[in-house]
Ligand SMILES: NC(=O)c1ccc[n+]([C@@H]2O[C@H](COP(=O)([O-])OP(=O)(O)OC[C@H]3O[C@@H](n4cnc5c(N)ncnc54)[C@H](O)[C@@H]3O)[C@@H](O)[C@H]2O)c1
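Only one chain comes next, encoded as structure tokens, the form predicted on its own.
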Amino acid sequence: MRVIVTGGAGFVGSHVVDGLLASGHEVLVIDDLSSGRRENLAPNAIFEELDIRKGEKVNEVFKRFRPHAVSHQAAQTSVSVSTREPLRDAEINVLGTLNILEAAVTVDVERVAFASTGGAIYGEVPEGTRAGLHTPPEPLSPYACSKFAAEAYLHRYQEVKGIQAHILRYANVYGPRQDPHGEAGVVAIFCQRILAGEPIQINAMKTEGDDGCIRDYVYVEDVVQANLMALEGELEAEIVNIATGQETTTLELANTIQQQAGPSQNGKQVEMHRAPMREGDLQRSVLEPTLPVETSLAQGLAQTVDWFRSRPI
């Protein structure tokens, strides 16, 4: 099977590419390398350096490669960036997605797996509950709005154009290759800073007695398996939550990473400081899993810490 993976030089996308290649599929990666890294590219995959906002160029690549399926991972993924630059967020996440869908229709693509966000699309999840597929979406940030709009377009293309669409609502994905620089996932940031013995920041509503935001952390390989199921026709549902259903505070996450990391490189005790929550951040986001996941938080963090330990700090 020929598969196009957008964002295939990025964190999740590159793992999806690896999974597809290991399963014997032919893969073409589309990535503009604005956040993805060339070092993440699999040598056995075809690579096109391309911005998905360039519709004509996207169409040319699809016509040349003629994929059977598409894994659409390319996106603007930062909530805080979306609040500062909502137009850019919508250009990439909505118009870019439409370019992919239009190109997919042109060459009769059978299936599209779309990386959506359960971690943002449901809004605040009340204490003691988990957001399931029955939970009405309540996007509170431009990022969540753009992803929800893209979901609606996918549903429409499935109804009218006959593309089999699978919307994968990810919880907070973590694992090897996650970028610790800039506005990245907290796991990557904590891993790098804790291993280096540098202070870390707990974003919280209160300066004392607050353990920070509550999140549902899912390991990247479990996300890959969901993508493979969707692309290989083993997934029937149109929308699924990819999550563990377990809640973890930012402080609990930091302490677990500290335990996995052991003594820091410089032998210093890592200091923890509290800071205000960022604009657009949710206080609590926990999902009801649709598919079983195999990796516990402790197992996933151990593998992630080991990967960061092997990297230059």
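As the structure is a computational prediction, the values presented were derived from the model and not from experiment. Start at 1 and count along the sequence shown; that's the residue number.
We do not show the form predicted in complex with the named molecule, though everything after this point is about it.
Peer 1: Counting only non-hydrogen atoms, which stretch in 134-142, 151-159, 170-178, 229-237 is within 4.5 Å of the named molecule in the model of the complex?
Peer 2: That would be stretch 170-178.
Peer 1: Could you tell me which one of Leu50, Ala42, Val61, Leu251 places a heavy atom within 4.5 Å of the named molecule in the model of the complex?
Peer 2: Looking at the other structure, the residue within range turns out to be Leu50.
Peer 1: So the named molecule isn't shown here. In the model of the complex, which residue out of Ala165, Val187, Ala115, Val125 has a non-hydrogen atom within 4.5 Å of it?
Peer 2: In short, Ala115.
Peer 1: Would Asp222, Gln246 and Gly300 all count as contacting the named molecule in the model of the complex, using a 4.5 Å heavy atom cut-off?
Peer 2: Heavy-atom distance to the named molecule in the model of the complex: none of the three under 4.5 Å.
Peer 1: Given that the partner is absent here, does Gly36 sit within 4.5 Å of the named molecule in the model of the complex, heavy atoms only?
Peer 2: Residue-level check for Gly36: yes, a contact with the named molecule.
Peer 1: So, in the model of the complex, is Val17 in contact with the named molecule at a 4.5 angstroms heavy atom limit?
Peer 2: So Val17 does not count as contacting the named molecule.
Peer 1: Does Asp281 reach the named molecule in the model of the complex, with heavy atoms at most 4.5 Å apart?
Peer 2: Outside the cut-off, so no.
Peer 1: My question is simply whether Thr77 lines the interface with the named molecule in the model of the complex - judged by any non-hydrogen atom within 4.5 Å.
Peer 2: Yes, Thr77 is a contact residue.
Peer 1: For the heavy atom contacts within 4.5 Å of the named molecule in the model of the complex, list the residues of 1-26 involved, in sequence order.
Peer 2: Those in contact are Gly7, Ala9, Gly10, Phe11, Val12, Gly13.
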